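Here's a solo chain for you in structure tokens, the form predicted on its own.
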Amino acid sequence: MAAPTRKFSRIQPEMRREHLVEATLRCLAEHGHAGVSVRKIAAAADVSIGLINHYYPSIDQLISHAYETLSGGIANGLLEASESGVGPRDSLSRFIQESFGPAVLNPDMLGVWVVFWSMVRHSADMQAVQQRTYGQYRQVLERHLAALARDNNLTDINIQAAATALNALLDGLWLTWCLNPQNFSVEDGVAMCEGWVDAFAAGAFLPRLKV
């Protein structure tokens, strides 16, 4: 009797990479920095270490791809939400609402982001991803804030500084909530950011007159 023929799974390269990225994110969420291990990721993906090395010659490349996938997905979600707005003020409201939605406000993913941030300083691949995704995120904020300033006849406003400030508020509230969701409600977080945008529209970022 002939020995049974072993069946091999033939998956398109892009689907295989997606599978490996998903396994990487699961490992990082479960193990934190200890999840940055080819062995752990291979076990989570149910593949050989050699197969991972075939698609990603270094662990940094796999982690950076996971970083870009997660960051890019969030940035695209925020872009789509804001693009559905009627005018810049409504677009910013939709951006804020999406920022406090379940796709972003997820305490289980805090450990994943901590790993990513810790690697940015030491990995050229991670730095490149951070610059691309952060730039995409900032461009959306700057575009809507600039349009809101025009609607309110506000001139001489530093839009880049305003976008940085709103981004910092959103990031700070996200981190505070993920560390302890009892600190404030999602509704309170949205209200804080909406209040910031109202203050911006009222001229809070106009240059101060020198005495």
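Only a predicted model underlies this, so the values are computations on that prediction, with no experimental measurement involved. All residue numbers refer to positions in the sequence shown, first residue = 1.
The protein also exists as the form predicted together with another copy of the chain; that form is not presented, and the subsequent description refers to it.
Of the candidate stretches 57-65, 40-48, 180-188, 144-152, only 180-188 contains residues with a heavy atom within 4.5 Å of another copy of the chain in the model of the complex. Although another copy of the chain is omitted here, in the model of the complex none of H19, A23 and A128 has a heavy atom within 4.5 Å of it.
Shown alone here, L169 lies within 4.5 Å of another copy of the chain in the model of the complex, counting heavy atoms only. Of the heavy atoms in V120, some are within 4.5 Å of another copy of the chain in the model of the complex. Contact check for A165: a heavy atom falls within 4.5 Å of another copy of the chain in the model of the complex. A residue is said to contact a partner when one of its heavy atoms sits within 4.5 Å of a partner heavy atom; P107 meets this definition for another copy of the chain in the model of the complex. Contacts with another copy of the chain in the model of the complex, taken as any heavy atom within 4.5 Å, map within 173-196 to L173, L175, T176, L179, N180, N183, F184, D188, A191, M192, E194, G195, W196.
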